[in-house]
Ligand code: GRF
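A single chain comes next, written as structure tokens; it is the form predicted on its own.
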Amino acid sequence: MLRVVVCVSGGGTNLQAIIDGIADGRIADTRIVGVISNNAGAFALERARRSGIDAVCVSPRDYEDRAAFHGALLERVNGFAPDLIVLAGFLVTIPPEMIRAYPNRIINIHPSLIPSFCGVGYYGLKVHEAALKRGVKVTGATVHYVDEGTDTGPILLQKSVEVHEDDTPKTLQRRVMEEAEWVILPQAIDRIARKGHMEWNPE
């Protein structure tokens, strides 16, 4: 059984896609053992509780400095004893000590086809605003392993999405979620669960 912790900052639509994927069998042999948010008001926490999943808030606001927050975050993650950590719209930089503690065991969903529109400053609607400003005809989403860079880890899965002429950042964001993010994130977790986490090789 693959033990998964999901980290999320907002509404948790990708979390819901994982919950649904486990429920309907698209994600094999997997259990979400905890959900962590940096935002006490995140609806993702409510989604988790409705599904009987332990849900906690670890907010930087509650700690004297970033180092203390990082320590508390890692302690909370360790408490769930996860095999895999999934960043599903987690708008907090993962501390290097967590990446070192869970090598090749942290994955992230990013709303573009990496290496386009990724890295520092590219998150949420900003990604889609940049894609439309550039005039791309195709965008999409990427699931990748997390390393100490920003969106630089090895890619697991990508899925493309067509850009429409009348798209706004919000309509494009919604289509990328529906057609790509909610599809490939469950697929990536299922692939890892079936492979067996002791055999992971992101190369």
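All residue numbers are counted from 1 along the displayed sequence. All of these numbers come straight from a predicted model, not from anything done at the bench.
Just so you know, the form predicted in complex with the named molecule exists too; it's not on screen, but the next bit is about it.
Figure note: of the listed segments 72-80, 129-137, 114-122, 88-96, the one touching the named molecule in the predicted complex, with heavy atoms no more than 4.5 Å away, is 88-96. In the predicted complex, the named molecule lies farther than 4.5 Å from every heavy atom of Q187. At the 4.5 Å threshold, heavy atoms of I155 stay clear of the named molecule in the predicted complex, well away from it. Taking the partner from elsewhere, S59 is found to have every heavy atom lying beyond 4.5 Å of the named molecule in the predicted complex. Contact between I107 and the named molecule in the predicted complex is not found at the 4.5 Å heavy atom cutoff. Contact with the named molecule in the predicted complex, judged by any heavy atom within 4.5 Å, is made by just one of N38, S51, T150, Q173: Q173.
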